[in-house]
Structure formats: C-alpha cells, structure tokens
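In structure tokens, the next block holds one chain alone, the form predicted on its own.
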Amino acid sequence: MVVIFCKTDSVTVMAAPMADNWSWFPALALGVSFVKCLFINAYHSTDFEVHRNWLAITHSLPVSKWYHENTSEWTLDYPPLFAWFEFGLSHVAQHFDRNMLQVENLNYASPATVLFQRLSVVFTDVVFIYSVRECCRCVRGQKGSGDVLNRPSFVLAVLLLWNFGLLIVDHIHFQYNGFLFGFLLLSVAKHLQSQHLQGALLFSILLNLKHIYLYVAPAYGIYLLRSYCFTQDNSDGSVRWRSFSLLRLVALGTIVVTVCALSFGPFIAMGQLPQVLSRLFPFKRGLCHAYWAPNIWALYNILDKILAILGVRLKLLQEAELPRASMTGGLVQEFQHSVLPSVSPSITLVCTLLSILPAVASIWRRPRGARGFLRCLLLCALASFMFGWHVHEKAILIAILPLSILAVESREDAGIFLVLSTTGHYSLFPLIFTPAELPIKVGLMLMFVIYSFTALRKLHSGPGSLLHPLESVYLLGLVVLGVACEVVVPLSPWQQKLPFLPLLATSVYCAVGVCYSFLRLYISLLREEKKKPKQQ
C-alpha cells in the first residue's frame, strides 16, 4: 500500500492510500465527462457565438487587429493569454469546419461547429479534474470512515466535479469556466501544500486568462507578502519585521512580471495597451447586468423601485418624470435610479475595497495558514460579487467552489455552504430558459442539493441540524419561487405584462441568501480571530 503525505502549512496531513482509496476518482471523472457529452445538442447561449467569433478573430487576423476587430458585437474582451488559448483551439477547429473561422460568418453554428466547441469544453476540463484531485489530496480527516463514500475526499470530489453551476453554465449555456477554475483550485492546492511559488505562478496565469479573478487578487497579495515574504512571527502571532526576505519578494515579482510580459508584451510593443484595457474594463455597460446578479445592488434597485411606486401613489413624484423600465428592461446599459442616488463605478470600487478590508487585515495581523488565506479568498470573492460593477450572476461560482473545501472540513462551513450553494445555484436558473432544458436543470439541481445535504450531514454527524430553522424555511422558499417563476408566471397573463418579473423575483430573493452567507462567513472569521493564534 502506498501512502502519500500532503504537507499543509506546518502540519502534515495523511492523504488516503492511493492503491485502495483513489481508484474511484477516475470513474467519477469519466462519469461526469460522459454526462457532459449528453448536452452537446442542448440549448446554447450567445456565449457560444462569442467564442466562435474569437476563434475566427485569432485564427484569421493578425495579432495587431485582435482587439480592434468589431464586425461582431461580441468583440474580444478577455486578456491576451485567453486570446492565445482561442488561437490554439482554432488550429484544431479547422479540421472540423473551416467556415467557423471566418469572421464574417456571424451566428454560424453548423453541426461540426457545435460538436467541436462542446468537445473543446469537455476536453479542457481535464485541468479542472486534475485540480480537484490535488485539492482532495489535501483535505483533512482522511482517516475517518472506512467507507469511501463517506470520506471527505470523496465528498469534495463529487461537490466539485458534479457541481451543478459548472454543468449548466459550461456545458449547456456554454463557457470555459471549468478550465479557468482548474487554475484557481490548483493554485489553492499548491498553497495548501506550501508550494507558494507554484501557487503564485498558477494564479498569475489565471489573471491573464480572465481578469474577473482580480476579485480575489487582494487575498493572494496580502497572504503571500505576510506568510511567504515574512518568514517568522512573534510569539503573539504578529509579524516579525526583521524576518522579511527580499529574495522571496523578488521571486514573486519575477513570476508576476514574466507572465504579464508574455501576455501583454506584444500589445505593449504595438502601442495597443490602452485599446486592450478599454476592452477589458467597459464601464459603460451599467451597474447591473441584463439579469441582476443576486447582490446588494439588486436589493438597492428594488428598494428604489418600491420608493418610486410609493412616491407616485402618495403624489410626491410625477410618474412622467421617472425613467421607464430603466433597470427592468433586460438591457445592458447605463441607467439612473428614480429616487435613490445613482451608483457610479467609483462608488462600487470603494464599497468593494471597504468590504474586503477586514478580511485582508485579518490575515495580515494574525495569519492562520493557507486555510486562513482560503477563507479570505472566499470573502474577497463574495465582497466583489456583492458590491462590484456590472457583476455577472455566474461569478457566484468563484465563492461556491472554494467553499466546498472548507465545507467538508468544518461543520459551520458546511451549513454556510448549503445556504450559499443552493441559493447561488438557483440564481443561475434564468440562464437556461428554454422549455426543453427545464427538466434537465431541475433534475441536476435536485440531485446536487440532495447529495450535498445528505453527504455533509453524514460527514459532520452529531446532534442538531447543519442549518438553523430559519435557514431551512428560506431554502424551502426557493421551491415556491421556482414553481412560480418556471410554471405559474409563464402560463399566466403576467408573462406579457411583466416579462421581467421572474428575473426580478429570483434576483432579489437569492440576494438575501447571498448577503446572509457573506455575513456568516465574516462572523466566523471574526470569531476565529478572537481565538488564541495557532498554526493550522
């Protein structure tokens, strides 16, 4: 029997014996890969055309025109490293259907094109599968139950590989989030294994693949500076300033600069950096996406609507002077609030920075190892989701997936995970709105929720429920909401009169659960900070 030891911070955690206990992993990964293939002919969103257009741009145009091409409205707006990723895919795509690589072939979706793009997501998910395996090897408590199905590593593998959000967003809606999350989780795993330079390299690559992961960059920056560049702490856990290692800082800086230079270097040399940045940060898109992400601004928007309606009813406001359906028309645009002050990008930035400040200050004052970093990463991800500008609903996965790791190790985190994952995953339902896919998304959601509740309950056996009574009542409310939005409204006259109503109801209801989970995570962080410092 071969036993692998996984070093996490200052302790060594014994991973499950490879020969006996890990033979299930390939079967689990292959199983979910086959399920993904069943969705090849399912509905796909406009993101399918987005990526087809990027294949065409990177294949048929010189590099100097990549970030200037605008034949399609779906212009290239990811960092250069992802553009090179599309360039590589395009050389495989030409063997399926060369017509997909013509820029002027807008909305081209031949059977061969669909097959290639679907399979490209499935095959690039190998990065995600490998990262899940690495995360599972570093989970604590591997020597618990003799039953493989009840081991933390197995439960974590299912929660990640069979994650409902990734299945519908990547393999029905269409995106490459699994490939990208693979780099994030692999980076987290490397930090759990105290391989910090590898973790920094992977995160630098990730940032140059998709800049949305700037959400969690503060957690990485502060953690590496405090726990890697400073090599020793005082007896009370505070930083020992004389232990600062300039060599380690230079090593980290070299990694970041090298990756960014390889990614942005050609565009800097061509004098196109401002053009690239204008594509990456389009602030004119408005505070909220066409479908409001379930965050604080969804609650702010609905409060503004309620106040506007009351103002008109009480004759304090003139209805003719109010903007009509400015926020509920399903359009991606700038808008003005009717009663409350309108929110600018600078305000969202300040709110985001203030909301992450306690988390990053915590890991600076009292580092609690890589798991303290992971908790800070979660709070940065959720804070950016809560207060960010033009946040997409899919960004909730940046918090849900890493939280899975803590959920299999801690009873309290398991409860938070159940609330956040159930709420966050349900908030993705509007992405798949076609009747044919309704049974698929409902079935997948139910299976994931049932497994999450039963597996985590067995894992954290003990008196009492993982959820408080009010949390259970709130989650049961999602059932009522789902029936209303998916069945009642579409069959009623409200569908024509108030087409945005199901989206609004979903966004606002789920925003309550996301905000609650954010507060609970912060409370758990502050509670842990009061404890006597100790290595994890």
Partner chain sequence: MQTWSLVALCVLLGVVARWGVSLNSYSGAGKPPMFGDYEAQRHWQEVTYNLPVQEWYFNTTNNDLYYWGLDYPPLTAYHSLICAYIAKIINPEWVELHKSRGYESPAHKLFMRATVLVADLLIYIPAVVLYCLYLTDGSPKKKVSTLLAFLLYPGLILIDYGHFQYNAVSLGFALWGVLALGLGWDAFGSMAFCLALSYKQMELYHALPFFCYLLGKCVKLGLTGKGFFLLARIGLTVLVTFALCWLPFLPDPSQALQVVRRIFPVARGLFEDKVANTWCSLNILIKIRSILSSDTQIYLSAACTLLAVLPSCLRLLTKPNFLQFKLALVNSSLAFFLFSYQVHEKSILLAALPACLLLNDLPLMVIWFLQASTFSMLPLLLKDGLLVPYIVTSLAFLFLSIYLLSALERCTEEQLRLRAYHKLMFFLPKLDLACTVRWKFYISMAVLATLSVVSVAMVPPPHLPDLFPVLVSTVSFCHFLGTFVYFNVVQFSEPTSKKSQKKTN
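Positions refer to the first chain, counted from 1. These numbers were taken from a predicted model, which means no experiment stands behind them.
Below, we refer to the form predicted in complex with its partner chain, which is not included among the displayed structures.
Look at 52-60, 503-511, 470-478, 29-37: in the predicted bound form, residues with non-hydrogen atoms within 4.5 angstroms of its partner chain sit in 29-37.
Here the marked residues 127, 130 and 138 all miss its partner chain in the predicted bound form; none has a heavy atom within 4.5 angstroms. The closest non-hydrogen atom of residue 234 lies beyond 4.5 Å of its partner chain in the predicted bound form. Although the partner is absent from this view, residue 97 stays clear of its partner chain in the predicted bound form, with no non-hydrogen atom inside 4.5 angstroms. Contact check for residue 42: a heavy atom falls within 4.5 Å of its partner chain in the predicted bound form. Among heavy atoms of residue 435, some come within 4.5 Å of its partner chain in the predicted bound form. None of 149, 306, 250, 354 but one reaches within 4.5 angstroms of its partner chain in the predicted bound form through a heavy atom, and that residue is 149. A heavy atom within 4.5 Å of its partner chain in the predicted bound form is found for exactly one of 312, 92, 440, 270: 440.
In sequence order, 443, 444, 446, 447, 450, 451, 454, 455, 458 are the residues of 442-466 having a heavy atom within 4.5 Å of its partner chain in the predicted bound form; the partner itself is omitted from this view.
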